[in-house]
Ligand SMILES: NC(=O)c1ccc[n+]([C@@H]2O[C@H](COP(=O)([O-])OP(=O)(O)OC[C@H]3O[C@@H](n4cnc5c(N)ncnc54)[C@H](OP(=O)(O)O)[C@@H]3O)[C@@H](O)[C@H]2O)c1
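A lone chain, given as structure tokens: the form predicted alone.
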């Protein structure tokens, strides 16, 4: 039975992994800040030595853009040093390491989707701290999977749930039409991760659902599937009520997945339908 340690298990990716994995095939160690602080090296090493996981999945992160800008030390401590500590632990016990990362490692300025071979040039503290986390993972463990995604939604705070919440409270909403990416279900991302960890296809992966849209188009589809009627205005990011300053064109090309031909992500529309149906149950 595969032994998996999910650090940051209370977040939307941690929950998605737990909802997706088969407990008959995998033994899971779930930790979040209350159980273990990944920024404390000795705590991390002791936990890994005691439990001897086969795989460590790092879902822990500070993802709020504004918090990262306001508290850069906190961002680097969790997003970079936390990843470093888990990587050191993975090497010590011979575990595979999964590091979740983001499109924010790119500047989003060139207008075409980024592949894994494009140069990372983060413009935000969040992006810079996540890139530093990636570098630590590469430095400290050979058996690693770095998985970058964007516009991830699942259980918890995210764009989809916020739109649905506001639809019950408001008559109108201004949504950005100048931010582009690929909405990605946390559950579909979890399925990919659980596939990868049973292979030796190590390296960096872009993993998003297929297709690209802007925030306004995404919001319209969310409301359509929910049967909600709310007036929406298409506006630039600076006039939007929901979108912080992010890379303008954050689409990722799942280039490696495509050329090794081992796994295909569904379209963002298919994934959203599945999520909305499950949410309505």
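Just so we're clear, the structure is a prediction, and the values are computed from it rather than from any experiment. Numbering follows the first chain given and starts at 1.
The same protein also has a form predicted together with the ligand, omitted here; what follows describes it.
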Practice item. Counting non-hydrogen atoms within 4.5 angstroms of the ligand in the predicted complex, say which of 55, 251, 59, 48 makes the cut. Key: 59
Check your understanding: Between the options 39, 240, 30, 214, which residue brings a heavy atom to within 4.5 Å of the ligand in the predicted complex?
Key -> 39
Check your understanding: What stretch, of 160 to 168, 138 to 146, 194 to 202, 100 to 108, brings heavy atoms to within 4.5 Å of the ligand in the predicted complex?
Key -> 100 to 108
Review point. Is there any non-hydrogen atom of residue 63 lying within 4.5 Å of the ligand in the predicted complex?
Key: yes
Review point. Even though the ligand is not shown here, does residue 151 get within 4.5 Å of it in the predicted complex, heavy atoms only?
Key: yes
Practice item. Using a 4.5 Å heavy atom cut-off, state whether residue 12 contacts the ligand in the predicted complex. Key: yes
Check your understanding: Are any of the heavy atoms in residue 126 no more than 4.5 Å from a heavy atom of the ligand in the predicted complex?
Key -> yes
Review point. Listed by sequence position, which residues of 212 to 231 have a non-hydrogen atom within 4.5 angstroms of the ligand in the predicted complex?
Key: none
